[in-house]
Ligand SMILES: Cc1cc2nc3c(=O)[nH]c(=O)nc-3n(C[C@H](O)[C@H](O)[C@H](O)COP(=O)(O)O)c2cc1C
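Before any questions on binding or motion, here is one chain by itself as structure tokens, the form predicted on its own.
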Amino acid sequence: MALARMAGLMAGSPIAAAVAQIDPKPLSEHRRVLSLAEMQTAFDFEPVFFGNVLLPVYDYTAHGDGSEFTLRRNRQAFDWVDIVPVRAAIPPSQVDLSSELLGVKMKFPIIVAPTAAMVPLHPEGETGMFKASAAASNTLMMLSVNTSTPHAQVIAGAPGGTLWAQFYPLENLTNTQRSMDTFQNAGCNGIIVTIDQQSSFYERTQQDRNFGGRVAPGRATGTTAAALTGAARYRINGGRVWYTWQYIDAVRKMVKGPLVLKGILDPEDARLAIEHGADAIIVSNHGGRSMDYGPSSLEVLPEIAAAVNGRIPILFDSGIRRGTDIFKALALGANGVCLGRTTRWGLGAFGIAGAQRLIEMLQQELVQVAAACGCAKLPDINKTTVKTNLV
């Protein structure tokens, strides 16, 4: 009890208050697991998620590249944007944040981001997440190429929902075409090509990648350094450093519906994405998993929005935990946001009901802050509603 009280004292200290709100895993004062009905914020789901899954599964979800500077910076950046107070607040009932994204009607500008392997989080896996997103005002979901459930099976789980497919480039164009056919034949008419994740390394994840402390045979992550050759001995993955715009040109011809490029962090790349046929981009550093000591996604969003100048939609991810975070991203130029870790917390903590509640919680938090700022429609959330202090 003394340690618990000390933890509570430290949490309330001015020193702790000056630090950005990093994901608080332990609920030190609690002696029981909270129920779904008691969840008040997205942060409440994480300790339940932590208690439900194996440590390697939690670590894969929680951690980022290298020293995790960028992972932390993604959260800190939201502290550097102030919401401008207004005198003319409106009732939440007057807020309508509906929009249309590349033919998809959305009640809220919120999307479930592609994240890998959901069955280890909950037996319902990706199918459960898709059911939850469909139940939460038919929220668009992007399915990871590293799904633990086939695309067609996921789509069958919620026939009324909208599912797009994420994809990592493959140098072999025949294999690329095969993947595009699989996704589109299953019913995923939107394709998200991820172009970040060039040379990332999850240090903490690698430490417990081998379950139970045993070396996993036949995997590069479980192989001793002596068995590796070339750049692989120094943690460099050559499978992703070859990406070219010519490859995107080839993929554009294979995709019948919307083509979205995920991982844009530079205004010039945003311009090039438009030139090479992208229908939308996602400003993202992969949740701090693509390159350590890079900028936070929020820091580069305004200049990318200026470069795009409304020609194509801009989506945003990395670090979102609250409705206020979503509001800030929208104000700085995003047309919509993608939720990654938080939705995994919801599914792993309470299954389909947990994922749905978490999405709906963030939807309603966004409505509340929009109402407080007098924003009745999505276009009302713009750069005049925030003040940036980005460092």
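Keep in mind the model is a prediction, meaning the values are calculated, not measured. So that there is no doubt, residue numbering starts at 1 and follows the sequence shown.
Quick note: we don't show the form predicted in complex with the named molecule, though the next part is all about it.
Proximity to the named molecule in the predicted bound form, taken as a non-hydrogen atom within 4.5 angstroms, holds for one residue of Ser296, Gln166, Thr127, Thr162, which is Gln166.
Between the options His151, His122, Lys131, Arg321, the residue in contact with the named molecule in the predicted bound form by a heavy atom within 4.5 angstroms is Arg321. Looking at 178 to 186, 90 to 98, 287 to 295, 251 to 259, the stretch with residues near the named molecule in the predicted bound form, meaning non-hydrogen atoms within 4.5 angstroms, turns out to be 287 to 295. In the predicted bound form, the named molecule lies within 4.5 Å of some heavy atom of Arg344. In the predicted bound form, the named molecule lies farther than 4.5 Å from every heavy atom of Ala270. Mapping the unseen interface onto this chain, Gly340 counts among the residues with a heavy atom inside 4.5 Å of the named molecule in the predicted bound form. For Tyr60, a non-hydrogen atom is located within 4.5 Å of the named molecule in the predicted bound form, even though that partner is not displayed.
Contacts between stretch 113 to 137 and the named molecule, counted in the predicted bound form as any heavy atom lying within 4.5 Å, involve Ala113, Pro114, Thr115, Ala116, listed in sequence order.
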